[in-house]
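To begin, one chain is listed below as structure tokens, in the form predicted alone.
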Amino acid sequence: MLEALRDRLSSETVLRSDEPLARRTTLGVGGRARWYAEPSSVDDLLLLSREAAGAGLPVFYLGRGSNLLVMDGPIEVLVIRLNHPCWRRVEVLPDGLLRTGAGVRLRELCGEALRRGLAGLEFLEGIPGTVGGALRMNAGAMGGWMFEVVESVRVLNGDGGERLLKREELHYGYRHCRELREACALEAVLRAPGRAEAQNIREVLHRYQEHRHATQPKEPSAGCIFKNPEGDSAGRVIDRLGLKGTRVGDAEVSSVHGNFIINRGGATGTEVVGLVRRVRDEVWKQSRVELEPEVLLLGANWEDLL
């Protein structure tokens, strides 16, 4: 389908068919994508997305594969990952600003902020994702949220046009940004809330790391599975009802944190979905709380499965 593109793409752009996706997710679950690409320029990204649209092939933008559940079997999709060095640059601007490519890992971003004495981005360090994914999901941890530090985002729209959107032009909330449901974030300008000595920033990073190690499982997971219900925590709800340790095949509710489903080694997408449904049904039956999935689903729709 996209084979004819090879001669029109840069030699640095990756394009493969029948690409296994499980190894590209933090949960380690899922089938194969019909096509997979790592574009080396905006032009190649635009060419890939246009050709896919013309062929009726959905496009999915993949970061580091956290907060994602991939279903089993072949998936008719073009997965695009902004992994080329051109998407992984961080530029230090005046006044505590950082311009960062969408492919920059959050840990790399925090490392650059540490070197520059820029404080207030430490909450991002432990999120296993990229800037692009954090923008799409308005990622948060340790009381901080991505869009609290965003000044602007440059995006590639579905029609192929580029736009620079200031924060006040974006519609975002808990785990979503409306403009990035279909568009692809190319880069963002972030503002560090303050400045501090490197040692002080390291101490905050260390404190956050210790908290994560104590409260989150070490086994493969996709992060939090469910959105927090109004006025409560999904993890606390699941824990109160005694659902930790519930298992479907090799998918298991973590004994460390009730809102994490871990992969015991050979879990499948079907097993994870089955466990999501079991936990969700039990929570509703016992407490009349309706939990909604937080993780993105590739290869199916949550509405059809729940």
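Start at 1 and count along the sequence shown; that's the residue number. If you're wondering where the values come from, they're calculated on a predicted model, not measured in any experiment.
Only in words, not in the display: the form predicted together with a small molecule, which the text now covers.
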Closest heavy atom of Arg175 to the small molecule in the predicted bound form, within 4.5 Å or not?
yes
Can you work out whether Gly111 and the small molecule are in contact in the predicted bound form, taking contact to mean some heavy atom pair no more than 4.5 Å apart?
no
Answer with yes or no whether His257 is in contact with the small molecule in the predicted bound form, where contact means some heavy atom within 4.5 Å.
no
Under a 4.5 Å heavy atom criterion, is Arg64 part of the interface with the small molecule in the predicted bound form?
yes
Would the small molecule be touched by all three of Gly266, Gly269 and Ala300 in the predicted bound form, meaning a heavy atom each within 4.5 Å?
no
Can you pick the one in Ala141, Met71, Leu205, Ala234 that has a heavy atom within 4.5 Å of the small molecule in the predicted bound form?
Ala141
Proximity to the small molecule in the predicted bound form, single hit among Ile201, Val150, Ala183, Leu98 (heavy atom within 4.5 Å)
Ala183
Residues in which of 112 to 120, 221 to 229, 189 to 197, 165 to 173 have heavy atoms within 4.5 Å of the small molecule in the predicted bound form?
221 to 229
